[in-house]
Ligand SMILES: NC(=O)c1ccc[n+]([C@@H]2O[C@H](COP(=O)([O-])OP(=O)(O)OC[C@H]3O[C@@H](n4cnc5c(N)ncnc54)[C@H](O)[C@@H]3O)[C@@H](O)[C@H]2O)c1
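Single chain ahead, written as structure tokens, the form predicted alone.
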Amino acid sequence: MDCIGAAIIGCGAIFPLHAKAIAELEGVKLVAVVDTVLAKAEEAGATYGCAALTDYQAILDRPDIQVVHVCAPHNLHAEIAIACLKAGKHVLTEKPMAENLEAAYRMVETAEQSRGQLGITFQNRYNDSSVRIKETIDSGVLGKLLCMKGIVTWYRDDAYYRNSPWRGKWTSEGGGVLINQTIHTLDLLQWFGGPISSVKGSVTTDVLDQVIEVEDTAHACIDFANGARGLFYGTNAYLVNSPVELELVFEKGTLIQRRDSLYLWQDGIETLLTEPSLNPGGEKSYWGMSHGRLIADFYAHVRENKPFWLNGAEGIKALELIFDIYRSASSRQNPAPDAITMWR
């Protein structure tokens, strides 16, 4: 495979990170961009010197496109990914995989039957701090993992939802702060902790109740099969986008992620282990800085015809955790009928 041709479907907020990462990869060319809003597609096409389309089906039969990036609204992920996989394309989709588990399972099943690969964009697994934490857990150097916590305090105002009408609705976004903003942190917690034995959680709409039908705040207690416990809190009701906070307590020390730097607290001494990477890709600091790393890794696997490790079966775990939290919340609340349907 001399040159890999790529297409990006969806020219919204996350589009530039994917487009820039592709532009920086040797042997990869952005061939087409797709958006249902013609002006968005044309602007993106002009910026990156490629075709601008409004219907993703126009790329399905094109032999010059081997990889498709799905950056569309949540409720379109499964439809687009399944169509592209059936056409033999490799697909890298933004989180979440889909707006509900049924659609996500269909994506996994289709990928298993396709010659194309399905990758899920959980770029924070590639952050230096995340890699160091996972290596510490796997090595056992600090002993057994006892407990951990993840805290996400971000801000989304009325305009964020009103400017993108698909957001804030069960049928199109699939949920609120859990499925959109905090899914990366929940993915890290389950990646660090391993198989989950029980989940208890709650969801509320503390500030945006007149704007959205989904939650803007959630918390959960996650017990893992290995005996560790995870506590999680996430909200869109803060007034700034603070860096994600992580803490992992081991038998012989504690790892603390604070302002994207990772520290080891051991024997009364705090040691800096990793600092945040520079920001060449243009990511917002609270998104993490590793879209480029993940995208480069995905293309390396495609080029070498090797299975990508962050595939559908791996990427769906965070979505399963999120819907476990929704189900737990629904057992103690009286959610709207649409919400009950989505939680099943």
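Residue numbers run from 1 along the displayed sequence. Computed from a predicted structure; not experimentally measured.
Keep in mind that the form predicted together with the named molecule is missing from the display, and what follows is about it.
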May I ask you to choose, among Arg167, Arg132, Arg258, Lys200, the residue with a heavy atom within 4.5 Å of the named molecule in the predicted bound form?
Arg167
Assert contact residue (the named molecule, in the predicted bound form, non-hydrogen atom within 4.5 Å, options Asn127, Asn100, Asn180, Thr136) equals Asn180
Do Gln123 and the named molecule share at least one heavy atom pair within 4.5 Å in the predicted bound form?
yes
Given that the named molecule is not shown alongside this chain, does Pro96 nevertheless sit within 4.5 Å of it in the predicted bound form, heavy atom to heavy atom?
yes
Although the named molecule is absent from this view, report whether Lys40 comes within 4.5 Å of it in the predicted bound form, heavy atoms only.
yes
Does any part of Pro73 reach within 4.5 Å of the named molecule in the predicted bound form? Heavy atoms only, please.
yes
Determine which one of 313-321, 31-39, 297-305, 59-67 lies within 4.5 Å of the named molecule in the predicted bound form, judging by heavy atom distances; exactly one does.
31-39
